[in-house]
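So this first bit is one chain, no partners, the form predicted alone, shown in structure tokens.
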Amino acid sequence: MNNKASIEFVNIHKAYQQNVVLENLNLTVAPGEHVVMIGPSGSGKSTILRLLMTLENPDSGEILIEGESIWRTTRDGRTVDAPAAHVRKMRSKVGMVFQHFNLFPHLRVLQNITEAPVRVMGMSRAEAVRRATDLLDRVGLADKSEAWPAELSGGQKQRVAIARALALQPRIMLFDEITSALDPEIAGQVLHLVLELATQTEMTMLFVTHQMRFARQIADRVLFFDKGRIIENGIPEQVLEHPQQPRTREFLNNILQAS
């Protein structure tokens, strides 16, 4: 395993017009670490995932994956903007499972999973199909390879989305409120699948979730965000059961009352 930090955010600032969503963020995630991010809506959690996916650029600061900057590189002894090929290479190390699945409705399940490995990684169609078939079996959907997304339940769609992310063999996996669109029983099934993946692989994983029981089960570390800053950072027992900050206690009380 790479002994460099898996992810580093160095003095990251991000704002949308006058709304600051990340303020001088410094964050290091170790290889294989499972980090859960909690906090109110708009506190910057999902923006962190979008920055790692290169769906957004920071206004200032540096983001490194395994010691390499996503957007900057060195040429002739100078630090310059990285070419698109470098950004794509860095992006290929990261997979993401979205809140609302984001499956391609015009492609069958198997095609949803094989499309990126063939087009992005240059994998042969036969190898992509073999890998996709193995992944569908792993997520319990071996019989749905020829189904259309519209024919699947929400939980089945989310499991296909997980298989699709895994097909690219990312070193880092991001999960953004992956059960918020599911009913509780189906959400439990999806979270059980993710827990299995976490124990069976060495991937670095970042989660945004309001599922506190799941956070306790999967996290090596929990971060509480408020107004674009990390105000609490520690092991699950510390942050979730004995929070030091009044804002963290208030948030967790509200979550408990709503559950």
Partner chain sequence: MLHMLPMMLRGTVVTGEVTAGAIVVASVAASCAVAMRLSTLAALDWPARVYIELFRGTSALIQLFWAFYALPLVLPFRPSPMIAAIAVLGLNGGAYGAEILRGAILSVPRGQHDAATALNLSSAAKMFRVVLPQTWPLILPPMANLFIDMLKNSALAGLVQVTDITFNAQILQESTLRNAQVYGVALVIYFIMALVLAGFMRLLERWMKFPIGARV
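Positions refer to the first chain, counted from 1. From a predicted model like this one, the values you see are computed outputs, not experimental measurements.
FYI, the form predicted together with its partner chain isn't displayed, but the following is about it.
Within 4.5 Å of its partner chain in the predicted bound form, a heavy atom is found for none of His192, Leu195 and Arg213. From the list 220-228, 49-57, 36-44, 205-213, the contact stretch for its partner chain in the predicted bound form under a 4.5 Å heavy atom rule is 49-57. Although the partner is absent here, Ala150 sits close enough that one of its heavy atoms falls within 4.5 Å of its partner chain in the predicted bound form. The closest non-hydrogen atom of Arg88 lies within 4.5 Å of its partner chain in the predicted bound form.
At the 4.5 Å threshold, heavy atoms of Pro184 stay clear of its partner chain in the predicted bound form, well away from it. Proximity of Thr133 to its partner chain in the predicted bound form falls outside the 4.5 Å heavy atom cutoff.
Of the residues given (Asp81, Glu127, Glu115, Asp137), Glu115 alone sits with a heavy atom within 4.5 Å of its partner chain in the predicted bound form. Contact annotation for 176-209: no residue has a non-hydrogen atom within 4.5 angstroms of its partner chain in the predicted bound form.
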